[in-house]
Ligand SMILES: C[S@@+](CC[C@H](N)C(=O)[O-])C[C@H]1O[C@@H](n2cnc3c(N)ncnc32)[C@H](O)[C@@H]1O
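Coming up is one lone chain in structure tokens, specifically the form predicted on its own.
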Amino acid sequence: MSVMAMRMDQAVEALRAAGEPTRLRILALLRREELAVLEICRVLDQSQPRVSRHLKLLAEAGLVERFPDGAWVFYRLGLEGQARELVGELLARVDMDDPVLARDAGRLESVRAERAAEAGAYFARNAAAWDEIRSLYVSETDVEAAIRAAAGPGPYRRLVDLGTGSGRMLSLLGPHAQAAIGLDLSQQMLNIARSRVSEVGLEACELRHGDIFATRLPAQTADLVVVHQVLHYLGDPAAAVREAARLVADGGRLLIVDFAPHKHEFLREQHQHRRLGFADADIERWLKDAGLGRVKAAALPPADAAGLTVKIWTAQRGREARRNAA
């Protein structure tokens, strides 16, 4: 459906919502990534009540979506429909080199840099004890068995582990791969991973300093791509899913391991988690939008109510995935 198919009152409401300097700045920011309210306040250098009023008007007009995540509230551009098309058309005609928008972009980069620095400092402090920290939340034995089952028996011509961390997934699945690559932004974690893959005797395994949003790896060349306990740290998890899906070969599989939605705010405060888990609907939509099919989800509930539910999502590319999805 095109923008021209909007009712006149809807179009007027949407244009009125977007036609104000601060709200237009917010739309330009959200085109870059989903943001928490306080992050938007920092970029705009405006108070939370004022920014919240602008966000409320944008949400009522259908131009943005609000979604709470624990004690935080995030906003993103509307996912689909005429309002999203209208925002796209509007922003396409705005000069992003305008001094105000350029300044906002620079401040957003500062927010991102601080976010990355905090995460990097956390990883540096906890690199050696990473597996021990993670074991506080899940049953490692059960999770690894479920991951093996979801990944399939192999062999894999090429395994790619994005955000490899300590190399746990490489040591678990690498023995079934002819070649394996692990990417991570933390040199401390890569050092741990190098030691780990050496201990299990993985010879055809390469570890690289790399960005999950821009891996620079060739498209559709991996039989198995793994994103294990990474998405909850990211500012734009949907973009990471798109990049991971880009790497999946015809007939290959993408495996995502993360948490179901929860309310453990201490993970944000103490362990730099940005998102408190993910709903099936969001992950499934991102996978399908990235061109993958045959989406499945499995849940591993905690041993007690204070724990976290681990979710494993899988999706495939190619004729087999389309045939099974039909």
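Just so you know, these numbers come straight off a predicted model, no measurement behind them. We number the residues from 1 along the sequence you see.
What comes next is about the form predicted together with the named molecule, which is not displayed.
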Spell it out for me: taking the named molecule in the predicted complex, does every residue among Ser166, Leu185 and Gly210 have a heavy atom no farther than 4.5 Å from it? yes
Using a 4.5 Å heavy atom cut-off, state whether Gln82 contacts the named molecule in the predicted complex. no
How about Tyr75 - does it come within 4.5 Å of the named molecule in the predicted complex, if we only consider non-hydrogen atoms? no
In the predicted complex, His228 touching the named molecule (heavy atom, 4.5 Å): yes
Quick check on Tyr156: any heavy atom within 4.5 Å of the named molecule in the predicted complex? no
Of Leu90, Val143, Ala151, Leu234, which one comes within 4.5 Å of the named molecule in the predicted complex, counting heavy atoms only? Leu234
State the residue from Val160, Met189, Ile256, Val248 whose non-hydrogen atoms include one within 4.5 Å of the named molecule in the predicted complex. Met189
For the chain shown here without its partner, which stretch in 103-111, 90-98, 67-75, 177-185 has non-hydrogen atoms within 4.5 angstroms of the named molecule in the predicted complex? 177-185
Sequence order please: the residues of 263-301 with a heavy atom within 4.5 Å of the named molecule in the predicted complex. none
